[in-house]
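What follows is one chain in structure tokens, specifically the form predicted on its own.
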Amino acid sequence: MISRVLKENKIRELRLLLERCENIVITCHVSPDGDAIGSSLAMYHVLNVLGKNVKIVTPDMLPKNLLFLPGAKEIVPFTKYGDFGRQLFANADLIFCLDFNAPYRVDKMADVLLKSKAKKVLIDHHLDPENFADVVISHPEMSSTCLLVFRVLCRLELFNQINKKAAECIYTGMMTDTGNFTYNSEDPDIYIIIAELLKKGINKDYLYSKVCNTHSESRIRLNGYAVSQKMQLFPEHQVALITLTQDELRKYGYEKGDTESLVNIPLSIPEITYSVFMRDDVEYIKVSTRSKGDFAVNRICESYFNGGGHKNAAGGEFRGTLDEAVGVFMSILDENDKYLKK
């Protein structure tokens, strides 16, 4: 039996909205990861079982390693089908906002989301949700939004409507947002839920292989180059830094998702406590951070890189050049030392 943490009034409000609404749009954050896509597709499959008219509209394209998930090919990327996406938002009477805490996280789709007259439901596990949704189910203590979606569906008495397809999507998000259950994964309820997903028929080894162990040649070469040529170690500060420029990304035929787990690699070095990866995404510098133990990287992302996240896994964006972002990183090394265990 998993612990009961969701507030009954939130579940009651959501149940009433679902009873009254037929045209539903599900959306998630820009550059969607396994948790964003997994939670969106899980909700999509369950609502389909209920007979609702459901569409998923993402701000941009999915990474290739998630296209195998059931229902992924039905997703509408706003960057490719903008007019259709606008129409779906305009016709919706309910919008699920999953795995993001503020409208800016849907990028160029923010105005379309906010102008929609549809009721909005936020289900998310990031800190400090902004006040833009009618129903807010926010639990930053949860390791993934997929975990939270499972809990929500159970409290809505929809456990039996979680079919194998939905279960595969939930497990994928839980797995990817914890580094295959290597961080933010001490909650015993996680493993009770995994047991229930296994009973639904998922093959967890297959899902791990598809998401984490199936790579293109160009991705392998890019990551090999990044580690061998671009990884800098600062042992006195127990930190590693990897950077990739636009020219380097183009040289190796970078595609969305190709650097998804790159930031984790330096953490296998015993002397490294936290790792930072910076990628030039043209309009901004994408910053990813990971850590071991009690060192909180979300503090770095919140304070210096317009982001946030969890203690051991966080991200952000830097509006400037890659060199300027590196300069900020270098300037805070001494300050971060006081949080390290020597």
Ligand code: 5GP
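So that there is no doubt, residue numbering starts at 1 and follows the sequence shown. None of the values given here were measured: they were computed from a predicted structure. Here the rigid core means the biggest group of C-alpha atoms that line up within 1.5 Å when the two forms are laid on top of each other.
Missing here is the form predicted together with this ligand; even so, the following discussion is about that form.
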query	finding
Stretch in contact, per heavy atom within 4.5 angstroms of this ligand in the predicted bound form, of 164-172, 231-239, 115-123, 102-110	102-110
Contact test in the predicted bound form: Asp280 vs this ligand, heavy atoms, 4.5 Å	no
4.5 angstroms heavy atom contact with this ligand in the predicted bound form for His45	no
Contact test in the predicted bound form: Ile26 vs this ligand, heavy atoms, 4.5 Å	no
4.5 angstroms heavy atom contact with this ligand in the predicted bound form for Thr273	no
Sequence-ordered residues of 303-339 touching this ligand in the predicted bound form, heavy atom within 4.5 Å	Asn306, Gly307, Gly308, Gly309, His310, Ala313, Ala314, Gly315, Gly316, Glu317
Large Cα move at Lys52 between this form and the one not shown, threshold 2 Å, rigid core	no
Core fit, then His29 C-alpha moves 2 Å or more between this form and the one not shown	no
Large Cα move at Phe68 between this form and the one not shown, threshold 2 Å, rigid core	no
